[in-house]
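Next up: a single chain in structure tokens, the form predicted alone.
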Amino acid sequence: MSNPVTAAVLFAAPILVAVLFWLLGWRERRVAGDAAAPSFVERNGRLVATYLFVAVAFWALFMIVWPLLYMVDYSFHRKLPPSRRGGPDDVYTLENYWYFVYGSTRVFTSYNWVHINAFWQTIAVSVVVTVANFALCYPLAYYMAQVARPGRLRVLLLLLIVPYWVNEILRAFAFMVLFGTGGTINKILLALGLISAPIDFIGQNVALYAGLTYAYLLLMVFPLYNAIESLDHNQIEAARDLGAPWWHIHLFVVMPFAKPGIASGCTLVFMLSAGALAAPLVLGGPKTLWFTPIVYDRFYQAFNWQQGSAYAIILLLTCVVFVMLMMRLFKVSLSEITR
């Protein structure tokens, strides 16, 4: 922290953000006509409400908000030795952000294409992974919510959850075994005579994309399941009785009702895919461009925390913009997504 003004801003900002969110929630309740509904304290009692408020506030402020604000402050400073921090040379600057664009803080004649391409490839692939996750999970979530009987539903839930008892790193290495040139998939394809030589799935990033899609499967399934489960099945039957084809029922009956679940699942999968570190490091090929390992290198290889903070803030702001676009696209509010 460079000066008392910065300290005051860093400590005051979380309070202002909390007040802003409270006002947004209060406004949504007024618009929805729930202003007369029982308050949080009335529903849970003073003791439970106080405990929940203190616990959530401590977690949000000390573990998330303030560290993030320190990182924002770091991103606007130069890398200096400890003895010069807080001195006349420790001033606010955009050099770290210029470095992301130009690859230099002094020369602005060429662009930093390596980092820029890695950033946009990360965003684009994260969008593709999100779409693939939705395409895989929507039929499964619909079957679980509207078709499966209770016994079969329990079996499906168990089959979905048990594989995730395995650590994420171990699952990534398992995908290496599956997709490696001497792995299971290549052996099966060779044995069937479908290929004459092993395919480099890792070098072509197939293993990475498959690993990312599988890693966040549950974060798409459960929001969709929770949303579709609350849909009255009579609405689906009524649409069928009126002669609507199956695609019409899903497009104009089920999906509009499940918009909060779709937006929530897409938001979670995109943000975690864009911020993934273990999967790109383990499953990425020699030419793989992924942004989070670059951020990691800024912190722990170059020991430039200021530059790493700037890179992390750029990724964070992009993810926030994506969330806002999802809310705009599905026409849902923040309270509906987090419901």
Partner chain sequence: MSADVELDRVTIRFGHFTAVKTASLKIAGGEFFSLLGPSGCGKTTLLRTISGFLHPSEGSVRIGGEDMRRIEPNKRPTALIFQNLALFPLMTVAENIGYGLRVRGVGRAERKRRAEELLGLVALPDQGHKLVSELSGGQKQRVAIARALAVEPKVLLLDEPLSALDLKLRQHMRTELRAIQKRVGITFIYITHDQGEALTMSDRIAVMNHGVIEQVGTGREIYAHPRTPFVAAFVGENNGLPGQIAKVDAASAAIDTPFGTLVGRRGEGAAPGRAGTIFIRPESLRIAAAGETPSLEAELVTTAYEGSATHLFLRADDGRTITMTASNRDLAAVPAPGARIALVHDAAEAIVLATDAERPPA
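Just so we're clear, the structure is a prediction, and the values are computed from it rather than from any experiment. Positions refer to the first chain, counted from 1.
Only in words, not in the display: the form predicted together with the partner chain, which the text now covers.
In terms of contact with the partner chain in the predicted complex, the residue from 257, 214, 97, 134 that brings a heavy atom within 4.5 Å is 257.
Comment: the partner chain is not present in this chain, but in the predicted complex one of 157, 206, 176, 253 has a heavy atom within 4.5 Å of it, namely 253. Just one listed stretch, out of 119 to 127, 242 to 250, 181 to 189, 165 to 173, contacts the partner chain in the predicted complex at the 4.5 Å heavy atom level, and that stretch is 242 to 250. None of the heavy atoms of residue 89 is located within 4.5 Å of the partner chain in the predicted complex.
Using a 4.5 Å cutoff between non-hydrogen atoms, residue 110 does not count as a contact of the partner chain in the predicted complex.
Though the partner is left out of this view, residue 104 does not reach within 4.5 Å of the partner chain in the predicted complex, counting heavy atoms only.
In the predicted complex, residue 197 stays away from the partner chain, with no heavy atom inside 4.5 Å.
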